[in-house]
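Quick heads-up: it's one chain on its own, the form predicted on its own, in structure tokens.
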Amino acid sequence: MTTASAHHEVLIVGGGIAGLTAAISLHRAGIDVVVRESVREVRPLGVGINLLPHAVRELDALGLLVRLEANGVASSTLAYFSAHGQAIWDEPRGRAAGYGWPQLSIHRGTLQMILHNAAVRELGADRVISARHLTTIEHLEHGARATFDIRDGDGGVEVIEADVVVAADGIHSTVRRLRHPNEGMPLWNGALLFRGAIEREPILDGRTMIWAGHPDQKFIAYPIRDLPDGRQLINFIAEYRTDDRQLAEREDWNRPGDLADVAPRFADWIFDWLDVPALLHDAPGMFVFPMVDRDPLDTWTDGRVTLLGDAAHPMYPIGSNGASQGILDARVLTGCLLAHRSDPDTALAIYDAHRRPATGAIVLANRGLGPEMPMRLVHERAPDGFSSIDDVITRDEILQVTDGYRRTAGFALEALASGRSLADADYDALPT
């Protein structure tokens, strides 16, 4: 059975965070948009993520901030510690740092469902459809034709033609693979992340994101939900480097991890403010995820088909940036298509010119450890601990790294001072 679909202005392939943000944004702009997602049923999967202030600004412009704040935690501090639990550095985050928007920590699945429900409510259930697996893309003179296998039990295919096709289908993007068949699997840097969430008493003040250790082994934790009994749902990441490629065969946010693989490496990480072994042991479960990315591309756009989010720029989960950058992509794309609605080719060229170099720089910065470089320097200079951090690293050294990363990632305070949404920016011509 073949289901012929009407022609649409924009087809979004992929109903993840970036794709749904794009769908809601385009619909709000009055653009005819539909979404097709491969999974049969959209469920709140995954663990915690962070949304940086520039991404929260964009979701606020879509009217979602109240719902997000009610379901997440606004982090006020980022604190670095050594592998011995000694304080290296802390800095204010979100509104505590003077931003007009919070830095929000939230369960990935919760964010996914907030966006999915908003998209279904605003676009209509007949436009946001699951169980559609993309198989082919054909270029047309003024658009593209996408063919999907229907995976809801009835079989058959669905064919959709659109003026613009946006591939927001993740790190294993079908569209990207069709275009770059020899690219192969994502690139692994040797690090494995054991991620999970646990209900427990707050760590420190209950509003602090903690990074402890160094790039070869570190522990990250931050709250993603306040619970009625005064406890919190704490997201954690236990990370280490290894040569065991078997554990890194394929990254999947929902692949179970084994406590026996990770717990021995953190057996002596018992600090006066956090018992890491106890937290890992008490966690109801965890997922294992290899730290992977892909090389930046020379272009995202081919004809009327372009990439967005992880399909365009998969990056190491360093600096809380992956989901945030996908949200920024969606808003810039909306602004470009709105400014050049009668000329999608120009719109896509301007979108590519704004977002591809910016995200490529973040991919490369994350390979260079991004904001984690001070942790490496402290470990190299004082592997057995220190009496005073000032004897190990200077404030200026740390600020040079952290301020530089904020500028690269686009959330330096001055960059957000105007409060103007990216969808409302001036996209009349290519950036100079």
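Note that residue numbering begins at 1 and tracks the sequence as displayed. Only a predicted model underlies this, so the values are computations on that prediction, with no experimental measurement involved.
Beyond the structure shown, there is the form predicted in complex with a small molecule, which is absent from this document and is the topic of what follows.
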In the model of the complex, Gly309 touching the small molecule (heavy atom, 4.5 Å): yes
Is there a heavy atom of Gly48 no more than 4.5 Å from a heavy atom of the small molecule in the model of the complex? yes
With heavy atoms only and a cut-off of 4.5 Å, decide whether Leu364 touches the small molecule in the model of the complex. no
With the partner left out here, check for me: in the model of the complex, does some heavy atom of Val39 sit within 4.5 Å of the small molecule? yes
Contact residue in the model of the complex, from Ala118, Leu134, Ala79, Ala283 (heavy atom within 4.5 Å of the small molecule): Leu134
Partner-free chain; cross-checking the small molecule in the model of the complex, the single residue of Val332, Ala221, Val288, Ala323 with a heavy atom within 4.5 Å is Ala323
Please pick out the stretch from 309 to 317, 183 to 191, 349 to 357, 69 to 77 that is in contact with the small molecule in the model of the complex, where contact means heavy atoms within 4.5 Å. 309 to 317
